[in-house]
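Same chain, two versions here, written out as structure tokens and called structure 1 and structure 2.
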Structure 1
């Protein structure tokens, strides 16, 4: 049996995060010690490592919830899991596209800055007028979600 601290250290997850996962139902409520402390079986380490790894790959918690419930039913088709992973791949690719465009725009902006005064600063000027931009990095989904 593992305390929450050992579990977290083993899986590379912070203790409050584990309690948060329990709160949202991603981890089951474990048994408690006499003094009300959580005690986890080994199997929870596997589950938590799975979650951690999926988070590292950028899967949202809701997708991870689905993946976990799939992994509990080994006889079913893998198609659903494949769909979730493919969706994640597509989302990563979309963000890559967008970030690449931003990178080149920012590069141009910084490169052109001669570091004089604000009044002839390219950084400020370009931000003030989208017409200075090579691409249309307009809108689309938020960069950070």
Structure 2
């Protein structure tokens, strides 16, 4: 049995995150010691490692919940898991496309810099008026939160 600190260290997850995953039902409620300390079996470490890896790959929590549910029923077809992973791949590709557009816009903005004064600064001008952008990225969801 692992304490919450050892569980977190083993999986590379902070203690508050473990508590949060318990609260939202991604991790089962742990057993408690006589001193009311959380005690976790190896299976919880495996589940937490799964969650951590899925988060590292950018899966949202609801997709992870669905994947965990599927993993709890190993006799099922993996079509649903494939569909979830395919949706995540499409999401990553869309973000990459937006990042490439932003990269292009930033390169253009920096290349137009005359290295003069702020009153003539192309970077400040473009950031102040979206109409100066070569591509439409206005209203797009932020890529970094």
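Residue numbers count along the first chain shown, from 1. Bear in mind the structure is a predicted one, so any value in this text is a computation, not a measurement. Rigid core (definition): largest C-alpha set, two forms, superposition within 1.5 Å.
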Two forms of the same chain here; which is the form predicted together with another copy of the chain?
1
For residue 79, does the CA position differ by 2 Å or more between the two structures when the superposition is done on the rigid core?
no
Core superposed first: is there a CA shift of 2 Å or greater at residue 128 between the two structures?
yes
Would you look up how far the C-alpha of residue 116 moves between the two structures when the rigid core is overlaid, in angstrom?
2.5
